[in-house]
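First, one chain by itself in structure tokens, the form predicted on its own.
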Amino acid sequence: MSCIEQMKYKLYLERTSFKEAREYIEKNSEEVYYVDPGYKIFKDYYIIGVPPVAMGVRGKEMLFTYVKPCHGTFVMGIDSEEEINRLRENEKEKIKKSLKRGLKEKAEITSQPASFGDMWKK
């Protein structure tokens, strides 16, 4: 595969900042994983960004930031159960459940690190 743009994708944000992209992924995903810049997806592509770089899972769709030189940062979504399973396996310690789920999960979230800085201290 020569270009991620040749894959079937949905574009959610265009020409945005890393912070806005991360916030969008956090608010619109059922699961959020934080990966280091350079994390490899779809065998040939590397995630670029300012840590913590959020990757989200919503159903069968994976949400992630995509940086196109001279055009900026985008939030893309691609259906890929295979890639989602790989993300879950490789990054299971860095998961954060969605904040939009309700009180039951709020109790789970309070036991997790309180800030991005706390998360990366572990």
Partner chain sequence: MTEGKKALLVMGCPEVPVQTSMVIYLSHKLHKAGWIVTVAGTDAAVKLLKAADPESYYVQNTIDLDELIGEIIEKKVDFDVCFVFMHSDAGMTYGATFSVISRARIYALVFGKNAEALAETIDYPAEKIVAKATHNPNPLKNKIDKVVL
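Positions refer to the first chain, counted from 1. No experiment lies behind these values; they were computed from the predicted model shown.
Just so it is clear, the following notes concern the form predicted together with its partner chain, a form of the same protein that is not shown.
Exercise. Give a yes or no for residue 73: in the model of the complex, does one of its heavy atoms lie within 4.5 Å of a heavy atom belonging to its partner chain?
Key: Yes - in the model of the complex, heavy atoms of residue 73 and its partner chain come within 4.5 Å of each other.
Quiz item: Is the gap between residue 40 and its partner chain in the model of the complex 4.5 Å or less for some heavy atom pair?
Solution: Looking in the model of the complex, residue contacts with its partner chain include residue 40, since a heavy atom lies within 4.5 Å.
Quiz item: Is residue 56 close to its partner chain in the model of the complex, meaning a heavy atom pair under 4.5 Å apart or at it?
Solution: The answer is no: residue 56 has no heavy atom within 4.5 Å of its partner chain.
Quiz item: Closest heavy atom of residue 78 to its partner chain in the model of the complex, within 4.5 Å or not?
Solution: No, residue 78 sits far enough from its partner chain in the model of the complex that none of its heavy atoms falls within 4.5 Å.
Quiz prompt | Which of 56-64, 25-33, 79-87, 42-50 sits within 4.5 Å of its partner chain in the model of the complex, heavy atom basis | solution = Stretch 42-50 is the one.
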